[in-house]
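In structure tokens, the next block holds one chain alone, the form predicted alone.
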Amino acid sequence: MRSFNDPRKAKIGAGVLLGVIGLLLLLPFIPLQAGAEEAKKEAAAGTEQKVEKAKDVFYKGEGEFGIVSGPPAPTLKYPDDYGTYGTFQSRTILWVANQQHLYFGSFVLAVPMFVFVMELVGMMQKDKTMAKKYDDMAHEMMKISLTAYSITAVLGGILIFTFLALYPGFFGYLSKIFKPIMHVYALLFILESGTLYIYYYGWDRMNDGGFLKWVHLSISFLLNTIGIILMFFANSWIAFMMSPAGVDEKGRFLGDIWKAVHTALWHPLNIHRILGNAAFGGGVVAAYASYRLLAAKTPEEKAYYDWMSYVAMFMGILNLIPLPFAGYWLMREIYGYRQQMGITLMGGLLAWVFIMQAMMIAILFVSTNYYLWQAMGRMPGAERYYRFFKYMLLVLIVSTIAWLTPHTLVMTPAELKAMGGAQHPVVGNYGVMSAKNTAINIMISTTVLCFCIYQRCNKVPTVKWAAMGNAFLGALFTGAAINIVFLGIYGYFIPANVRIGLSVPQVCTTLTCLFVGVTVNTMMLKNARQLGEVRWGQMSPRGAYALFLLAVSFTWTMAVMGYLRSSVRLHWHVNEVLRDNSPWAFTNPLGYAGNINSMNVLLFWTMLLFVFWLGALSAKKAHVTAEETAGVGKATIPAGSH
């Protein structure tokens, strides 16, 4: 205790703590290096005896032969290599266990990212009141994450036991391939746990506003680094199942673990999941703040959680906007790896699941715009822009309809014959990628425009070039819309292999709206005349419910995307290497998949509401304790603080 009161000793202690954590971060890789050395010795010994080389299934370059270092993929038989629990489908049990672990894993990965940004923003604030608000918010979310972290660990254990009990043959094969990094994964998980507890319980002790606070932020950076590495490891297993590498056509490991990790889909999957998790985390935090806003009893509490929900929503949307582009990159790499997988996803067996996923994405953008419109109600001067809402809503509805239009319809043979084919002669024209790319880019640009309007609701620009700036912004968004629509129409008149390239200028146009539009708008609002302060706490309940819808839509989208990633492998555990010979090696009907996804979403939110309730319970206790102690000269702890 005394050492923290001595600045010099505190700095030394903090430096030692960071050094120890840094060394611990390297510790898991020492056995990996030792394992690599051992593998080299074994390979050298094997050279003297008998060396068998085989060609990699993915790396096709010259000299891409590796020393066979493992047995071939087993031929699994039912029931010898599969387990069952009564009459339940083993695959469904594993599906639920995997999805729940993924949900909570994403949450505990995303929240520390959110907390790191909030703590950094708080430290950069010159206004001490705002700095404390950001710090309190970050600490409160870390407390929620701590409870969720325990649930994640429990669900991880359940998932491992489910694999061992129901799919021992498959799990054994995967374990042999990734043996060099599985122990690293386990050690990193332990290290993450230790760093998390030091970070959370050291919050108050290191909150000196100076050196120790920076040390505390550095621990947060380390915590996020470990979490991202863990996610990369888990992604490598998923990517290997979809696009195996580092093995030959018989599934034999060729001794290079980096090739098994660095598959065709690993990088796009990593980027997609970082953005997806961050958007999901922002959505869940916004839902938590909305829950607390609706349950708040005092104006101060309402104001605090209204502000918190806005900040979290902003963080979520910031990551949501580039997410479709990351998804596009992932799909492009899937097409590049196996064209048939891309066709199965977008135009074949799973095309209707993509329609469900498109519907969820449309809900995300519509609910985001709806929240911003509701949020403008607490800003004096926003009435000037109300007349634009109906036009923006019309644009979103038309885009959503085009975005949801399927390329082909599910019909009976008689209906098929009457229509002359699976594609409707009129509606079918809106089911191709030219229309869909146009629709999603228009929806994103409209959302950016809505945010620009939100920024200036209670302000009047006073810069000299305000008129010119307004004209520039009007021309920017109008020109962008014309360009996006023109490219979409032009796509109908050129070959498909050329048409796919038009998505690049459409994306660039949208990103120009985002970066240039928001930057110019922000510059125009510098030293702007205020029409009144934001009335935090006066958000309508409909706005709070919109954030719940946003968060649930994120959850549902994740469920659909997970189902798509697994189903595209069809009857393979590991694509074209390890066949699924269980009775459940078929693609589930759309209705069944929808029911299981809905059940997963419901189960997750039931558990998460319990976590929210626990967080609210401890906050109330802290508030009551502060009120009781305020009378004896101790500092009052504001509601919602730690």
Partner chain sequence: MLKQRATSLTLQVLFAVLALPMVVWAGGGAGFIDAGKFALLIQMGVGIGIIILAWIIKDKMGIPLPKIIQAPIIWVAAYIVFRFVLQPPIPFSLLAIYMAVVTIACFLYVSLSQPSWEEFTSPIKFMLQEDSGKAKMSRYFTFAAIPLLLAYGTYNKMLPKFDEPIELRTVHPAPPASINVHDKVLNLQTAENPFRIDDSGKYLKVGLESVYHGKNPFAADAPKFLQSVRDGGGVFFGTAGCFFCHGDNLDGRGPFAFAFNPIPANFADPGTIAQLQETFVFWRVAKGGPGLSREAFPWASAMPPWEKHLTTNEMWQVILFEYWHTGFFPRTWD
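Since we're looking at a predicted model, the values are computed, not measured. Rigid core (definition): largest C-alpha set, two forms, superposition within 1.5 Å. Residue numbers count along the first chain shown, from 1.
One more form of this protein exists, namely the form predicted together with the partner chain; it is left out here, but the text below deals with it.
message = Under a 4.5 angstroms heavy atom criterion, identify the one residue in 91, 101, 424, 565 near the partner chain in the predicted bound form.
response = It is 424 that has a heavy atom within 4.5 Å of the partner.
task = Heavy atom within 4.5 Å of the partner chain in the predicted bound form: which of 531, 401, 121, 158 fits that? Just give me the one.
result = Result of the distance check: 401.
query = Counting only heavy atoms and a 4.5 Å cutoff, which of 367-375, 183-191, 91-99, 259-267 contacts the partner chain in the predicted bound form?
reply = The contacting stretch here is 367-375.
task = Please run the contact check for residue 515 against the partner chain in the predicted bound form: heavy atoms, 4.5 angstroms, yes or no?
result = Residue 515 lies outside the contact set for the partner chain.
task = Report whether the minimum heavy atom distance between residue 348 and the partner chain in the predicted bound form is within 4.5 Å.
result = Yes - in the predicted bound form, heavy atoms of residue 348 and the partner chain come within 4.5 Å of each other.
ask   = Would residue 503 sit within 4.5 Å of the partner chain in the predicted bound form, counting heavy atoms only?
value = No, residue 503 is distant from the partner.
request  = Although the partner chain is absent from this view, report whether residue 579 comes within 4.5 Å of it in the predicted bound form, heavy atoms only.
outcome  = Taking the distances in the predicted bound form, the answer for residue 579 is yes, it comes within 4.5 Å of the partner chain.
message = Using a 4.5 Å heavy atom cutoff, which residues in 382-397 contact the partner chain in the predicted bound form? It's fine if the answer is none.
response = Heavy-atom contacts within 4.5 Å come from 386, 389, 390, 393, 394, 397.
ask   = After the core is overlaid between the shown form and the other one, has the C-alpha of residue 421 moved by 2 angstroms or more?
value = Residue 421: C-alpha displaced by 2 Å or more between the shown form and the other one.
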